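Single chain ahead, written as structure tokens, the form predicted on its own.
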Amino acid sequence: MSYTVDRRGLLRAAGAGAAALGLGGALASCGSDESETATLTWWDYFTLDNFQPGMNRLIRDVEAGVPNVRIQRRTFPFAELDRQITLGAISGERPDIAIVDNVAMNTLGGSDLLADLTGRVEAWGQADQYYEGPWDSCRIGGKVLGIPNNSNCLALYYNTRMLESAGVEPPTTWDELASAAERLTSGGRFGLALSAIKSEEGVFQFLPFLWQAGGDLDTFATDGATALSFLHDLIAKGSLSESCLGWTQQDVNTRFMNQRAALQINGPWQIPTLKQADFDWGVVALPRDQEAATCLGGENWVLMAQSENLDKAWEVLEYTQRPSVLVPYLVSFGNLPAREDLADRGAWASDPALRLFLSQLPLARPRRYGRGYADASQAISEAEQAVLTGSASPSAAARTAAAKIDKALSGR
């Protein structure tokens, strides 16, 4: 997950939208031969109050629609869930079902903790309904180890009045972005805001630049240097604040809301807050260099391999993918569907900003790099910090990071 914001505004609109679409309520599942109720343990990290109505509704739908099932839910802080699942291999305390950040598949998917769903998915026959990026995030080592729960990605927001006043069109290329950011910088206002914080949140925002340069982690020494140079030049020209090194994506949106940045890179989870802005704004695809790219965010469903209720847990996952269940859930969370066949259902069908993000999902790349990704991500973050603070040149930082990345991923 790459967001932590309050979505109460969207929740109110979502309830009305779902009711209007007639998508509420659960569908009864086919009959079952089981005579006893199975209690499934369900773990996730959706702890904020504004997530609870949607999650509670989903669980009620599941319990009403899947025969002989009760859900026992437990929540953890975002940073703790993966560790608790891993520790469960030792303690024996593990869930039957979990909703995990899709980047966690790098670590969890490289162990024997997750159930192999390949055969079940083939029998189910709905894999081709999903966007390629979200579905690929569930495929590890030739196996299907999860089902997408929801999706998001990054795009470029702009302040309409500021661009019109400066005679600037929304940029579509790196050259146009650099030029627009420079022209839009004035006084205490920067042309562009983005997050370069030393965490996965910052790496989430950096990777599109690497991919747009035509590279990937295995070409970081060269293409990473190109991406780092581009960001360094933005700071050198005063178009991007060096403070971005400490900004979360929420901080970035606050700068944009306060009109201290004319452009921002961010995700669809900021839309509920932006709808309260007292200025007009729009959103376009991330500007491209050698190619177009954005980074895939969101969560996946996973099942534990040692679950004593694996068949019933799979029934639950399959049930959550029914449009009558999935659409209200996604709308309540302010998320986008990972399923292409739901593109014309829900709030995203009529909201231009959400539709822009939805249109980018086919380009959204998962961070699917294997068990060493956490170390590779740290190396990327260190390189970006070094370059943007001026303590290392882009080429030197990229070479140093490339050596660490190669070592981290050598076990792939």
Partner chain sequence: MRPHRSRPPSSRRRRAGYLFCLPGMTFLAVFLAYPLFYNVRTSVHDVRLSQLLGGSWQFNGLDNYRAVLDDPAFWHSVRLSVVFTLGSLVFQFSIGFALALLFARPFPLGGLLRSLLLVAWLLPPVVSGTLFRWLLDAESGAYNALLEAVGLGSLSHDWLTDPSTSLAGVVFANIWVGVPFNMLLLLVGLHTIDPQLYEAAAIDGAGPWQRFRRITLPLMRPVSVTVLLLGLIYTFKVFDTVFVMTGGGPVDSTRVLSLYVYEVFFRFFRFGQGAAAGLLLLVVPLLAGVFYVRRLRREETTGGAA
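All values reported here derive from a predicted model rather than from experimental measurement. Numbering follows the first chain given and starts at 1.
In what follows, reference is made to the form predicted in complex with the partner chain, a form of this protein that is not presented.
The partner chain in the predicted complex reached by all of 113, 198 and 246, non-hydrogen atom within 4.5 Å: Each of the three qualifies.
One stretch from 121-129, 221-229, 89-97, 264-272 that, in the predicted complex, holds residues within 4.5 Å of the partner chain by heavy atom: Of the options given, it is 89-97.
Interface residue in the predicted complex among 255, 312, 288, 339, criterion: non-hydrogen atom within 4.5 angstroms of the partner chain: Here the answer is residue option 255.
Listed residue that, although the partner chain is not shown, lies within 4.5 Å of it in the predicted complex (heavy atoms), from 135, 206, 190, 158: Selected residue: 190.
Residue 143, heavy atom within 4.5 angstroms of the partner chain in the predicted complex: No, residue 143 is distant from the partner.
Heavy atom of residue 216 within 4.5 Å of the partner chain in the predicted complex: Result no; residue 216 lies far from the partner chain in the predicted complex.
Heavy atom of residue 237 within 4.5 Å of the partner chain in the predicted complex: No, residue 237 sits far enough from the partner chain in the predicted complex that none of its heavy atoms falls within 4.5 Å.
Residue 320: touches the partner chain in the predicted complex, heavy atom cutoff 4.5 angstroms: Residue 320: no, not in contact with the partner chain in the predicted complex.
Interface residues of 383-401 toward the partner chain, as seen in the predicted complex [heavy atoms, 4.5 Å]: The stretch 383-401, when checked against the partner chain in the predicted complex, contributes 385, 386, 389, 391 at the 4.5 Å heavy-atom cut-off.
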